[in-house]
Structure formats: C-alpha cells, structure tokens
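Coming up are structure 1 and structure 2: the same protein chain in two forms, each one given alone as structure tokens.
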Structure 1
C-alpha cells in the first residue's frame, strides 16, 4: 500500500514520553493537517519519520519499505523543518543548487519562479534572512523537490497575511497539477482547515483523532441556553467543555443531535475546526 505507515512508535526524552505507541497512516496524494498543542509531540513524530531522530521502538514504512536508515525510502520524503540544516553562511542561491543535487526531480524553473513571486533575494545569506523569509526560503525548496511526501512543520511562521495566502495557493496549485502527500503541522488552524482533507490530532504523545475534517466537523456541536436547561439536556451526552455567562450556558458536545429533540429556547450551532481542537486538547 502506498503511503507512510507509522507503527507503534515510542520516543522518550529522559522521563518525558514524547511519543507513546503512536500509529498513523499518511495515504498517497492527500493533504493532512497534523495538529497539536505546543509540546504534544508533532515535531518529534515528524523527525522520526524523516530520520532526523530515531524512535526508541516501533517501525516506519514508506510505500511498504522500512524507512529507518534507508536512503531510498528517505529520498521520497522532504521535510521543511524548524531547524535549518544548511551551513549558516550559505547563500540562498547555493542552497537551491545543493538541494537540487540531492533531489533528482527538483524543479529549478519552478523554484526560481516562486522565489521571484515571493520576493526572495537569492543573494542573501541564509542566516541573514528574516523569520518570514527564512520560512519562505524553506517552503519554496520543499515545494520544488517534487518528492512524493512533503512535510511542513510550521510553514507559515513569520509570514504576513499576503504571503500566507500565496503559500496556500502555491501548495494547492502544485497539488492539483501533480498530486502528492502533504502533512502540514501548524497552529493557524482556521487558515488551513479548508486546505487539508484529513486531520490528525496529537495530544501528549498520543493520536486522539485521525479522520476527514468534514467527518470531524459534522460531529461537533455547541448548545446554548439557560444553564438549568443545558445541564439537564447534556447529562447523557459527550461534553468537551462548557462556558458560562451568568445564567447562560454554552456546552461543546461531540455526537449527533436531532434538532427536533431540542427543548424550546435552546440553540444549536456548529463548531469550527479551531474550536473543536481547543476543546479536544484542553487539559
């Protein structure tokens, strides 16, 4: 089966269990969102998949082939990470050439076109790029590799709204022309919620959700009304959290509710991905 399969991965840092027996599958030609709070284990998971660190136990397969310490499997993956792996004094122009050496399908013309579009100065040294242009530099390289599996760790860090917009468009444009698998780890959930097809939510080193965005959204509700009415109505429901404002109460509920069963005076609403995420990952 084509895709990346992570099977029972665990990773500890001293006493801290960064990943606890994580299993997840990233299918071919789909765009995933990998969401989690700070310290949830997103980057650790991505680093394990891309061979930057080794898990303590478990296996990873790329298109059925073991990925750990396997160059041919790793050659199908490119990750735009938080950390730079280019020598600091290297110029953008040279880093492009260097990446081209390692990725035979690298599209140089496309890369230069994007660099121009984003206004990336190729004569600058990587260390002199601003946070925003540091991100832009890395995401342009990532999109240009033409690797079948692209991982984006905080791709829009430091980008202004116009550049973020350009990134999502560039990603989708590339995707519709020649589909690939993208895994986007980001804190800007609402921005990405329409772009991603599937969502993987990680909490304290464990995967708590792995499904299509639409399916997840279809199961989240808000119920608002008087506190007493809400309290009795939600007794038998799966409640993620409640907000109160005086005698008014809003409950965040998972499940399906028949609108006809709602008592008079109670209002039902949907939750967006960010709201659902907040309530699913709250302490």
Structure 2
C-alpha cells in the first residue's frame, strides 16, 4: 500500500512527552491538514517522519519501506520547515542548482517560473532574504522537487495576503496537473480549510481527530438565540463550547438535529473548521 504509515511512535524531550504513541496514515495523492496549537507535536511528528530526529519507539514506513535511515524512502519526501538547511552565504540560484542535484525529478523550468511570479531575486544570498521571501524561497523549492510526499510546516510564515493566495493557488494547480501528497502543518485554520481534503488534529502529542473535512464538519452544528433558550435546549446535548454576547448565545454542538425541532427564534448553522478546531483543542 502506497503512503506514509506511522505506527505507535513516541518522542520525549526530558520530562516532556512530545508524541504519545501516535499512529497515522498519509495516503497517496491527497492534501492533508495537520492541525494543532503551538507545542502540540506537529513539527516533532514531521521531523520524525523525515529522519531529522529519531523517535524513541515505534515504526515509520514510506510506501512499505522502513523510513528511518533509509535513503530510498527519504528521497520520496521533501519537507519545508522553519529552519533553513542551506548555507546562509549561498545564493538562491546556487541552492536551486544543488536541490536539482539531489532530486532527479526537480523541475527547473517550473522553479524559475515560480521565482519570477513571486519576485524572488535569485542573486540574493539566502541570509539576506526577508522572513517572507525566506518562506517563498523554501516553498518554491518544495513544489519544484516533484517528490511524491511534500510536507509544509507553517508554510506562510511572514507572507503577505497576496503571496499567501499565490502559494495556495500554485499548490492546487500543481496538485491538479500532477497529483501528490501534501501535508500542511499550520495553526492558521481558516486559510487552509478550503485547500485540505483530510484533517489530522493533534493535541498534546496525541491524535484526537483523523478524518475528511466534510465528515468532521458534518458531525457538528451551531445554535444561536437567546441565552435562556440556548441553555434550556442544549441541556441533553454534547456541547463543545459557547460564545455569549449580551443576552445572546451561540453553542457549538456535536451530533445531529432536526431543524424542525428548534424553538421559534433559534437559528441553526454549519460549524466552520476553525471554530471546531478551537473548541476541540481547548483545555
């Protein structure tokens, strides 16, 4: 079976348990959102998969091959992370050349086309790039490798609204033309909700949700109305949380409901991914 399989991996940093027997599968040719609050374990999970750190226990497979210390398996993955692993004194154009050496399917023409679209100066040294253009540099290289598994860890760090939109459009266009697996690790839920197909939510080192976006959102709804009416109606419901403003209240509820059963003046709505994420990851 093709894909990346993580089986019961754990990782500790001293007394901090960053990952707690995590198992997850990233299938072929899908776009995943790996969602979690800061410190939830997102980057640790991706670093374990890509061999940047070693888990304390558990196994990881890429297309059925063990991933740890296996060049064949790791050659199928490219990860864009916050850290820059190129020499800071290297120019952008030289980084492009060296990436092409290590990834045989690297598309140089596509890379140069994206660099022009984003206004990336190839003659600049990497250390002289702004935070935003440092992210753009890494995004362009990642998309150009044509690796079957691409990991994006906080990909839009420092990008303005226009460049964020350009990135998401470039990602989707490339995915349509030549499908691949993308795992986007982010806490910017609203932006990525229209891009991802499946969602993996991690909280304190444990996977608490792993399903399609559509399936996840279908299990919840919002109720809005007077505070007294909402309080009475949700007494026997599974409530994730509530927002109050004056005498009005909105409740976020898991389950199903017949709209015809609602009292007069109460409104039902669809739960959005960001609201659901906030309430699922609350203490």
Partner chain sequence: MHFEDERPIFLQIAEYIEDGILMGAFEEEAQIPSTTEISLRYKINPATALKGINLLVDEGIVYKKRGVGMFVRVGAVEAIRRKRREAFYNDYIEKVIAEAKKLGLAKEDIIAMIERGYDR
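Residue numbers count along the first chain shown, from 1. Model, not experiment: these values are computed from the prediction. Just so we're on the same page, rigid core means the largest C-alpha set that superposes within 1.5 Å between forms.
- Is the form predicted on its own shown as structure 1 or as structure 2? Answer to the question: structure 2 is the form predicted on its own, whereas structure 1 comes from elsewhere.
- Message: After superposing the rigid core, is the C-alpha displacement of residue 247 2 Å or more between the two structures?
- Response: Comparing the forms between the two structures, which are aligned on their rigid core, residue 247 does shift its C-alpha by 2 Å or more.
- residue 236: CA shift of at least 2 Å between the two structures after core fit? After core superposition, the C-alpha of residue 236 moves 2 Å or more between the two structures.
- Message: Is residue 266 displaced by at least 2 Å at its C-alpha between the two structures when the rigid core is overlaid?
- Response: Indeed, residue 266 is displaced by 2 Å or more.
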